[in-house]
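In structure tokens, the next block holds one chain alone, the form predicted alone.
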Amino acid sequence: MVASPSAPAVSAEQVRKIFPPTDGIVTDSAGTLALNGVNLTVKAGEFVSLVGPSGCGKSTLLRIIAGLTEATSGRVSVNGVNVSGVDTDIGFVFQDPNLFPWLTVRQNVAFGPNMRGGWRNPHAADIDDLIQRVGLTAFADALPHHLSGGMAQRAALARALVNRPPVLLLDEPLGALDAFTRMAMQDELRNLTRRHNTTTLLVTHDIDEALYLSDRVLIFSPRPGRIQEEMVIGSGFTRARNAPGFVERRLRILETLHFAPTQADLPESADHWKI
């Protein structure tokens, strides 16, 4: 990819996606309209999260940006270049780990750099450092069938990050992790993407995760998906999950998604939110 220095890292203009009729799925004669007029601009180094109801097209949009699925209409570009197929400058972490079952964790993580070679091929020490950061040092020589689902997903995350892709697309990559491991991995993900100025788009159903990691949160409507609201987080935002500003933004997103907050969502007092 020959990037344009003045172009946004990721751009989507009036993107529509219609899936053809499928046996057993109720649609109209034209098929299923998954995305309808999505406009999106992401600056280099920005971290943007996409939240919304299941089936609203968030993952479909990621796949279109990655070149894995073709939009029915509209334009998608990465660094000013129209997307017309899979680009190795784009990293993608799927909901499923998709590790090579015959390779160890270390070999899976090293697979991309070994295939690509060149100046972005990290040394073995860099690979081991990343394996350590995702908490898999003790399993570096293990095959995928010896890993739990959460461990395999952490290995998949390391495999994507080791290439230092300019653009990283994440489709619920931390969903299989327990709560404490998930929070630790959120910290590592935030640190690594900022260290390498990685442009990141994250699909998540975890509102706290979106607020904690992002520069902006884009809220999708129910299918057909479109961006109905944008929340700019801002550099002065306190990312502590129990901070009043954090709680207020969480409630705003819930209200936009038409979920009425329960009493458990509401702060009783400042002391109530101290740990």
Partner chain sequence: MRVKTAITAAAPLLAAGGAFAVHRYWPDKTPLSASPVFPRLLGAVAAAWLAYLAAAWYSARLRQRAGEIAPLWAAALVSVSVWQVLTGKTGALPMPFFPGPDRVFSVFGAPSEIKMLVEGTLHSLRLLAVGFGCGSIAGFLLGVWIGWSKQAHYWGMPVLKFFGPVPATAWIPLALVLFPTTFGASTFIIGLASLFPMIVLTASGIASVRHSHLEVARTLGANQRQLICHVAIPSALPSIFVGLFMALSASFLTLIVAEMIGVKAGLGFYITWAQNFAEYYKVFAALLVMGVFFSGLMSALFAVRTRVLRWQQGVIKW
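Positions refer to the first chain, counted from 1. Just so it is clear, the model here is predicted, and its values are computed rather than measured.
There is another form of the same protein, the form predicted in complex with its partner chain; it is not shown, and what comes next is about it.
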- Query: 190-198, 71-79, 85-93, 173-181: which one contacts its partner chain in the model of the complex at 4.5 Å, heavy atom to heavy atom?
  - Reply: 85-93
- Using 4.5 Å between non-hydrogen atoms, is Met115 touching its partner chain in the model of the complex? yes
- Partner contact for Leu143 in the model of the complex: its partner chain, 4.5 angstroms, heavy atom: yes
- Query: Taking heavy atoms only, is Arg226 within 4.5 angstroms of its partner chain in the model of the complex?
  - Reply: no
- Task: Using a 4.5 Å heavy atom cut-off, state whether Gln186 contacts its partner chain in the model of the complex.
- Result: no
- Residues within stretch 90-113 having a non-hydrogen atom within 4.5 Å of its partner chain in the model of the complex: Ile90, Phe92, Phe94, Asn98, Leu99, Phe100, Pro101, Trp102, Phe111, Gly112
